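Next up: the same protein chain in two forms, each one alone, written as structure tokens (structure 1, then structure 2).
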Structure 1
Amino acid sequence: MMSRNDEHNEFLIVGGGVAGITAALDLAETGRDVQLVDTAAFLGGQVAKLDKIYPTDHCAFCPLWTDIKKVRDHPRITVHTSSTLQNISEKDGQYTIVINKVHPVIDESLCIYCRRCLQECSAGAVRPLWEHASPPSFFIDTSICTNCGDCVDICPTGAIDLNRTAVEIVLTVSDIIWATGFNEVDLTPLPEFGIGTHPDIMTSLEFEEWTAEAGRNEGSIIRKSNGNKPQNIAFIQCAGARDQRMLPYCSAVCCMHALKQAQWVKRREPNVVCCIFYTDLRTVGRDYYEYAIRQLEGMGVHLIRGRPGLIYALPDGDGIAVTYENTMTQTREIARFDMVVLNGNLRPSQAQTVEGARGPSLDSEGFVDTTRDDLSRFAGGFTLEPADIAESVIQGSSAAIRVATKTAYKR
């Protein structure tokens, strides 16, 4: 069997989102050793931050945590959270990678979640690691922490060490899978979207967090500016995307994401009017089109084809004006909204690598170009092309088998 030789090789997976953890589990299950690196303090990537996922409308956490737990418990997978790539060098077909791992001030394996540090901290630096972390634990925001040491004294298990610093870890691997996901692009260069001019103009991921059931508002739909229930919400699609000034491509996930958010607003507050301003309603997956029909007809979500030309805060400081042309009726209109959610400004992320260090080759739009060189040959998820959960998982597995059978490819 050709795989004999490979079994001693270690693979590095950069990014612990759904694509990365799937690739890691697949490789580990076929007897490969895997190193998994992520900048965040916990695995799960962007999916972990979602309140609900489409098209099932289930909470994102339940299917995710089982895989995260499998990754953490797997004897062949070594997880490095809070870590960034410092340097990559290549010699004799092996990559030597230096990662900078910041050990959390609170040791997760010792935290019993007793909340004593939370009550003791006068600076407010202690926060739960993540609403859904299992087992639950706290972390200390070092940017707020005053180093007073009160928490160290009160912690019954000795889990807190304020002197914990970053360490450099050197890994030698034979191949790297890039699964670094996406991040949001700052929309301020496009002033017509009015981001930053009014607290109720937010991006869709901010809105997701703002209305999350496990979040601070416990699923209630309220305005950021005054805490009142909004009368109406506008969801603006293709904000920054399909736009030659910023992102020329379509981010693929936003149409369904907006439909999902609109539906959850409707489920919780049936009287709130939801309008989606779209260009093309791209609902190409299983059940996606029916999901859209259900939201539009069953839930009463309004669909307006048009890209607003200008969004601005009204002079009284309360509402937001949206000017647009409804291209299906060829009428120019202006409407007042209480909240505006901007969708589409998603860009492949390279946040796992420090600036200046060698990373994968990218195409002009920032996606990993797998044809360019050996280092960037294996990638999956949004960093390869805009992909939702199912596609990211498929690409993760596909990258895993390509990397596992690489020597056979060369023959």
Structure 2
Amino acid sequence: MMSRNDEHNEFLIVGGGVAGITAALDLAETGRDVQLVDTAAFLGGQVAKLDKIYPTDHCAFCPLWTDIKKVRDHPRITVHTSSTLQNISEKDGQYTIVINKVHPVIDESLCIYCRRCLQECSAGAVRPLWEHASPPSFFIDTSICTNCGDCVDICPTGAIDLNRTAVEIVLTVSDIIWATGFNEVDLTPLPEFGIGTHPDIMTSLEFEEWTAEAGRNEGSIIRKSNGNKPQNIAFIQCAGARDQRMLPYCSAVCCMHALKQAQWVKRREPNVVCCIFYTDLRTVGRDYYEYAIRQLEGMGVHLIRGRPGLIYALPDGDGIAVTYENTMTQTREIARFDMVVLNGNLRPSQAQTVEGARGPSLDSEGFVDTTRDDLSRFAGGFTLEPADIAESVIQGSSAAIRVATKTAYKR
């Protein structure tokens, strides 16, 4: 099935995280029409998965929900979630875009969040769309759904259709903003970090989800392995980053992320010892350094300058050993921890998001190459360079200004 937009939609934004949302709102407010595409089932990107945001320690949900609602309600913005780019072609300064949109099995507009499908599904395929989605809704993970149809029969509003298929949508736009964000790199190729060898060795985003107030544990600090409270937690910086074997660059956000997570552990469980192993502490944003000092002095978070050489589960399975060189004391040491959080393995998700389509030019590290005079010229957020929320918002707005100015001159 194929449909074509009847009216000319001037701009395409690829990515519905904070950079893409900012660019969409800024362009729409100038009177431009915007098509916003994201592979996820909901807007918000990686920020939607965060519990708190620094340096204010506000819930990530609060400002994000407001902007998502503005995007959803704006008459000049059309949102395509669960959608991927299939093809991009250019002619006479215009781009023809083919989008593959997969309609959700559960229609959000009909779902009343009665939870009957959740209770009926024995396969565990029914899940909340997003903890903060408004209005709340469920989605079905088709990778584990058995297509038994029990949820269809029990739904009181007929919101569930297991036979929904993908639709191709063709758009014509004047320019493209790339704001596809980042994802975590699999750390398995670096065995010294011990990922996958113990349930209490997890990545930073996994730990964020595990301890989130809106998540399954409602903010509780507990171990995955046995459900007990940990006595100590190690936060390992530059895991996979600043490493020629994987990511040669600094991921920019990791120092602040570890400081935030450590201090929220201390707020909820003051007796838990938190140690951050770091290469050098980078707190470069406004009020970031003051935020770090507050955590170190007020919360008692420990900093250890050194990159661990080996992390491994102890033979009895009840603990994790971290071997490292303390570069301040110039001593080789080993310490036992109940939990280990690996931070730094972040890369731009551009290549995955536009797989199979003619996307922007990328440099050797996977970021948009802005030196090329083609589709790569307008980007925002982590697509352009490692950036936190504040920087991504600035870059998204800047990208909107650039494309709006470009088309204004063209006319």
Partner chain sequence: MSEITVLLCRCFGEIDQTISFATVREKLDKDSNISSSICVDSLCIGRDIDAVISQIRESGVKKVLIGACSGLARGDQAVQNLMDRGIARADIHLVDLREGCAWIHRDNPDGASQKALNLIDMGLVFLKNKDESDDVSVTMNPDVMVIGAGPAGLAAALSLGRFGITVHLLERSSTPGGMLKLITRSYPKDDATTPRLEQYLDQIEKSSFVRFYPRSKISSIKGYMGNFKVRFSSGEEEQSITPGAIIIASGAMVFLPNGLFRYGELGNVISQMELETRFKKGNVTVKNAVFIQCVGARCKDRPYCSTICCPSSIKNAIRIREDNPDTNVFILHRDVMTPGNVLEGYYIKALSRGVQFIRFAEDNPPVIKGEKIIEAVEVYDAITGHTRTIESDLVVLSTPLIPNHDNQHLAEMLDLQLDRYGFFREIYPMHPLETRMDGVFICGSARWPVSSGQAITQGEAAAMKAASVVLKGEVRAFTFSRVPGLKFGHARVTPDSCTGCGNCMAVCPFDAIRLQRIDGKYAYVSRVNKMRCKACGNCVSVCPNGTMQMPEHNYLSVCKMIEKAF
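These numbers come from a predicted model, not from an experiment. Rigid core (definition): largest C-alpha set, two forms, superposition within 1.5 Å. Just so we're on the same page, residue numbers count up from 1 along structure 1's sequence.
Structure 2, rather than structure 1, originates from the form predicted alone. Core-superposed comparison between structures 1 and 2: the CA of S122 exceeds or equals a 2 Å shift.
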